[in-house]
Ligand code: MCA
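Encoded as structure tokens, the following chain is the form predicted on its own, with no partner shown.
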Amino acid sequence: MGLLTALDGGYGDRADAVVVDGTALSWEQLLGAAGAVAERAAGAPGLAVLARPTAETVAAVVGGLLAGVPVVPLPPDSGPVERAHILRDSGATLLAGNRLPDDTEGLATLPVSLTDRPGSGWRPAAEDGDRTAFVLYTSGTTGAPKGALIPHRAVAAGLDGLADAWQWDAGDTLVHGLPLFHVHGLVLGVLGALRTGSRLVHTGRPTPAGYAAARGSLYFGVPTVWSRIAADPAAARALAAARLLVSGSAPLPVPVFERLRELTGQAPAERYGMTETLITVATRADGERRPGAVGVPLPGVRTRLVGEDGQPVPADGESVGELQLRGPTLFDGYLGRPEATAAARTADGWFRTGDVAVVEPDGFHRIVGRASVDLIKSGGYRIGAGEVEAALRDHPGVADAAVVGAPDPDLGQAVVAYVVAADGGGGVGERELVDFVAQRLSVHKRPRRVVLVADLPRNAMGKVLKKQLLDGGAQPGA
């Protein structure tokens, strides 16, 4: 089946090749249900899928890919305004599953049944690496979400690169409970299994108990998931038999990294990617796993750091610059947004990630945040918020921290830290934390102000919503 080689039969089959929230399918059953979707979706300009964590969602997505129709995943928790925008902008004319209660776009519905089969004359669409596989909508900081066009060739290149980096093959059982509307949970977490031939267990919800009971060899999670598992020693110890624990979508706090290593006997592997680039940098299964680092570029991917003056930034482990990329995993552009597509690339063809990073002399990458909110310009210095956050989390009285640049009439921006105190760490004070950072980093990187909060606002992927912090969106702590 081209992209999804497990459906070709070359890996054999088993009754529970794909398990989603307790519903088990063989690859043959999945191919039949997906083929029925593909037969009815053929020729459509786009197939929208309300991406709930169900086996029907997997069948619908696979069906769209087999039909050669762009798949448009809809976040199940999105509101009617966001959904309406995605449906209008994408041009999708079919909705897999039941009609949305607030549908004003007049989409035709395409029922999905796990017992359906296509007609005897049905065949998958001919392979075409340039064909759009997905229209994935990005949640930018300004304006309506933009649809990133992800071609089949990029998906194949990204998954093959990760199979190489993680030694991922048909002998694995992949376990995760991540949402099925983005790169991590859908592209890696479903299509990765269908390309490598590994068994897939989606736990429905990413609970520590669900992860522990699944008995996998390869686990995917976001920092929130790993933090909860690290806080449940029995569940964490149940993962000791796994060969690789992968964290992504947001930085993994170093204390969680160390706690997982202590409880499972192995350090987690971090990786880096974006909707527009898929996964481009990853810690290798056979390589060093460093806390706070996301690894090295995948095969075929090139990276560089560039300063605000457009000049190269050295890979010296200290200098901060915008991370720019080239390689086979990149998107084809934003749907109907030629200006945005052009702005995302440099004159010499590199993709601007908008993330700031540091690269070690041996090629290990550390992401220190978004250029828009995490590159702080204070008193003539350029400071990566992620570096200060990592230093704060090393303090035993700190459970979590987020650092922002707040407007300051003297410095331009002042380093401000929002800190969640650890259990029993209520006595931690501002001066103590300021001094703690100054002892570990350059003095100019110390916070000018520390705000104790009960929790940090986060999105569904665990990323801190820093604009809300600046707007006063955190609840004060004790």
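From a predicted model like this one, the values you see are computed outputs, not experimental measurements. Throughout, we count residues from 1 along the sequence that is shown. The term rigid core refers to the maximal set of C-alpha atoms that superpose within 1.5 Å between the two forms.
In what follows, reference is made to the form predicted together with methylmalonyl-coenzyme A, a form of this protein that is not presented.
Please tell me whether any heavy atom belonging to residue 274 falls inside 4.5 Å of a heavy atom of methylmalonyl-coenzyme A, as the geometry stands in the model of the complex.
Contact check for residue 274: yes, within 4.5 Å of methylmalonyl-coenzyme A in the model of the complex.
Within a 4.5 Å heavy atom cut-off, is residue 179 in contact with methylmalonyl-coenzyme A in the model of the complex?
Output for residue 179 is yes: heavy atoms within 4.5 Å of methylmalonyl-coenzyme A.
Within 4.5 Å, heavy atoms only: does residue 420 come near methylmalonyl-coenzyme A in the model of the complex?
Outside the cut-off, so no.
Is residue 441 close to methylmalonyl-coenzyme A in the model of the complex, meaning a heavy atom pair under 4.5 Å apart or at it?
No, residue 441 sits far enough from methylmalonyl-coenzyme A in the model of the complex that none of its heavy atoms falls within 4.5 Å.
Counting any heavy atom within 4.5 Å as contact, can you tell me which stretch out of 265-273, 339-347, 84-92, 107-115 lines methylmalonyl-coenzyme A in the model of the complex?
Every other range fails; the passing one is 265-273.
In the model of the complex, the residue from 290, 228, 259, 284 that sits within 4.5 Å of methylmalonyl-coenzyme A by heavy atoms
If I apply the 4.5 Å criterion carefully, the residue I get is 228.
From the list 452, 414, 428, 434, which entry has a heavy atom within 4.5 Å of methylmalonyl-coenzyme A in the model of the complex?
Among 452, 414, 428, 434, a heavy atom within 4.5 Å of methylmalonyl-coenzyme A in the model of the complex occurs only for 434.
Can we say 173, 243 and 392 each have a non-hydrogen atom within 4.5 Å of methylmalonyl-coenzyme A in the model of the complex?
No.
Once you overlay the rigid core, does the Cα of residue 160 travel 2 Å or further between this form and the one not shown?
No; residue 160 is a residue whose C-alpha shifts by less than 2 Å between this form and the one not shown when the cores are overlaid.
Taking the rigid core as reference, does the Cα of residue 408 move 2 Å or more between this form and the one not shown?
After core superposition, the C-alpha of residue 408 moves 2 Å or more between this form and the one not shown.
Rigid core superposed, CA of residue 447 - does it shift 2 Å or more between this form and the one not shown?
Yes; residue 447 is a residue whose C-alpha shifts (by 2 Å or more) between this form and the one not shown when the cores are overlaid.
Given a change of 3 Å or more, say if the Cα atoms of residue 436 and residue 226 sit closer or farther in the model of the complex than in this form.
Note: Cα gap between residue 436 and residue 226 widens in the model of the complex.
Check residue 440 against residue 363 at the C-alpha atoms and report closer or farther in the model of the complex, compared with the shown form; the change is 3 Å or more.
Relative to this form, farther apart in the model of the complex.
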